[in-house]
Ligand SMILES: C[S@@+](CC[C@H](N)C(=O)[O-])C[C@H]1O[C@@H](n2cnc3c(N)ncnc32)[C@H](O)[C@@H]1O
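Next up: just one chain, as structure tokens, the form predicted alone.
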Amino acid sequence: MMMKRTVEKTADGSCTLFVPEMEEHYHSVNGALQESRHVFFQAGWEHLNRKSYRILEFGFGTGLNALLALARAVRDEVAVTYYSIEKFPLPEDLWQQLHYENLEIEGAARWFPLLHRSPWNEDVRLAPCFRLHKMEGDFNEVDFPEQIDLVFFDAFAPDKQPEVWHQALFDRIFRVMAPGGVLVTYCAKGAVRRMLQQAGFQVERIPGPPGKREMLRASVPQS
């Protein structure tokens, strides 16, 4: 299956992709970059505040979250192993139109092409402190790595992609997470919160990024 995707500029000047058949954007139209920084890094990475992370991302998408993680890992000398699952990788002629190399992210011009050109389903060390493993496939079928500290759950919205917002998937995610680990998602729906709680997470609603009142942060109990 091939999805048609077009490039659109968001309110903070960074670009995202729009999928006409789903009427869905990859990021918030209020600002792709500021959404990623708020949801996945302020609410997740900075909340944990560790010197090493094993990250599992659901939806490699444009590569923006991976780019931010790589830049932070290099800047702060944080050891990161970054796993990312994606069913529909972007062709080069499309991701080049995003121009993330021009964003105010340290090293973006170097790292952004490398992230996309790295082979799928292989371990690739992009920097001494950063190891990438992109997994091509369906969230429901890929085997997850274990001892995950931080989950970026960045799938399309539940009403657009309901097949990846269900109890069995959240149960699987919970089982591979390390004690004290955190899952963050832009979604704040009550049904999603209840599924995360049933899986075993301690869930809190916290302020969302610009244009969105709330988001969810789900934590694994320490013991």
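In this text, residue numbers run from 1 along the sequence as written. What you see is a predicted model, and the numbers here were worked out from it, not measured in a lab.
Another form exists, predicted together with the named molecule; not displayed. Remarks below refer to it.
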{"item": "Contact at Ala11, Ser14 and Ala108 by the named molecule in the predicted complex, all three, heavy atom at most 4.5 Å", "value": "no"}
{"item": "The named molecule contact in the predicted complex: Leu64, any heavy atom under 4.5 Å", "value": "yes"}
{"item": "4.5 Å heavy atom contact, Phe144 to the named molecule in the predicted complex", "value": "no"}
{"item": "Touches the named molecule in the predicted complex: Gly137 (any heavy atom, 4.5 Å)", "value": "yes"}
{"item": "The named molecule contact at Gln161 in the predicted complex, heavy atom, 4.5 Å", "value": "yes"}
{"item": "Contact residue in the predicted complex, from Tyr53, Phe41, Phe170, Tyr26 (heavy atom within 4.5 Å of the named molecule)", "value": "Tyr26"}
{"item": "Per-stretch contact check against the named molecule in the predicted complex, the hit in 190 to 198, 152 to 160, 45 to 53, 171 to 179 (non-hydrogen atom, 4.5 angstroms)", "value": "152 to 160"}
{"item": "Partner contacts in the predicted complex for 87 to 108 (non-hydrogen atom within 4.5 angstroms of the named molecule)", "value": "Lys87, Phe88"}
